[in-house]
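Quick setup: the structure tokens below cover two forms of a single protein chain, split into structure 1 and structure 2.
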Structure 1
């Protein structure tokens, strides 16, 4: 369970992680600057298990994998959005960031609400209001990639077996 950090529509990858920080792929360094051009206090306030909640087309813009890596590095449990830009959607899977597409949850969650997500089932629960929402759940083989920590880790685990 974590607090909801709410953002609007069309949050692009340039505000998720500004281009000036793309000289590294270090997750902790990227996390230190996550969303700073959109919410300068995000990294100071975010805690492990918190949830990013956003409107339509989250992660639009460039195809950089740095964006989901930066978000994952902050320790958030995942991102719930009305919709995701397709490249961000795929990059989130590739980097092991849990995501749930659920417009009803976005409409039913306010900034600071306590939220629990079950990415495997596509369930979002607003613990503050007691409402539960059923979003899109990812297929089992895709969740295997997310659970492994991303595509590279999943491939490594397959090579070991």
Structure 2
């Protein structure tokens, strides 16, 4: 369970991790600047298990995989959004950042609410209000990659078979 950090529509990957920090690929270094240009105090306020909740088109823009890695590096348990931009969606799956697409949950969660998520089942619970939401189910093909532990492991397992 964690607290919800609420943001709006079109959170682009330039604000998730500005290009000036793409000089590294280290998760902890990237995490120190996660969402910096959107919410300068996010990194100091966020705790392990917290949830990022945002509107539509989350992660639009640049294909930088540094974006889901930076968010994951802060200890955030996952991102719940009304919709995800497609490259970010793939990058999150590939790098193991849990994401759930669920406009109803986004509408039903306020800043600071206590939230739990089960990304594999696509379930979002607002513990503060007691409401439960069912998000978009991932295609079976994509779930295989998630279950394998990300794309690197998935490719490895295919190579072995």
Partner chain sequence: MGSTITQKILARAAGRDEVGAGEIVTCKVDLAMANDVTAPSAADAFRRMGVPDVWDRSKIALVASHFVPAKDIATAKLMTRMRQFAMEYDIEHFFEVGRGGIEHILLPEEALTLPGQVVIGADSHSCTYGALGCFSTGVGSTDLAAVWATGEIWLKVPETMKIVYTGVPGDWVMGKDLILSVIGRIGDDGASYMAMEHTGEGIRHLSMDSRLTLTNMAIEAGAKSGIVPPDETTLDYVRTRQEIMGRPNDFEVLASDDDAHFARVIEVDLNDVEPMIAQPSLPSLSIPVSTVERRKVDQVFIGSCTNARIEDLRMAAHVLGDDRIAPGVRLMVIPATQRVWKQANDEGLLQRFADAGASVSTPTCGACLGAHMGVVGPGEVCVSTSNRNYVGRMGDPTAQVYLANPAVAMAAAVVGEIVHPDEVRNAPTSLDPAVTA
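Just so we're on the same page, rigid core means the largest C-alpha set that superposes within 1.5 Å between forms. Numbering follows the first chain given and starts at 1. Keep in mind it's a predicted model, so treat the numbers as computed, not measured.
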Matching the form predicted together with the partner chain against both blocks gives structure 2
Has the Cα of residue 144 moved 2 Å or more between structures 1 and 2, judged after a core fit?
-> yes
Threshold 2 Å Cα movement between structures 1 and 2 for residue 9, core superposed = no
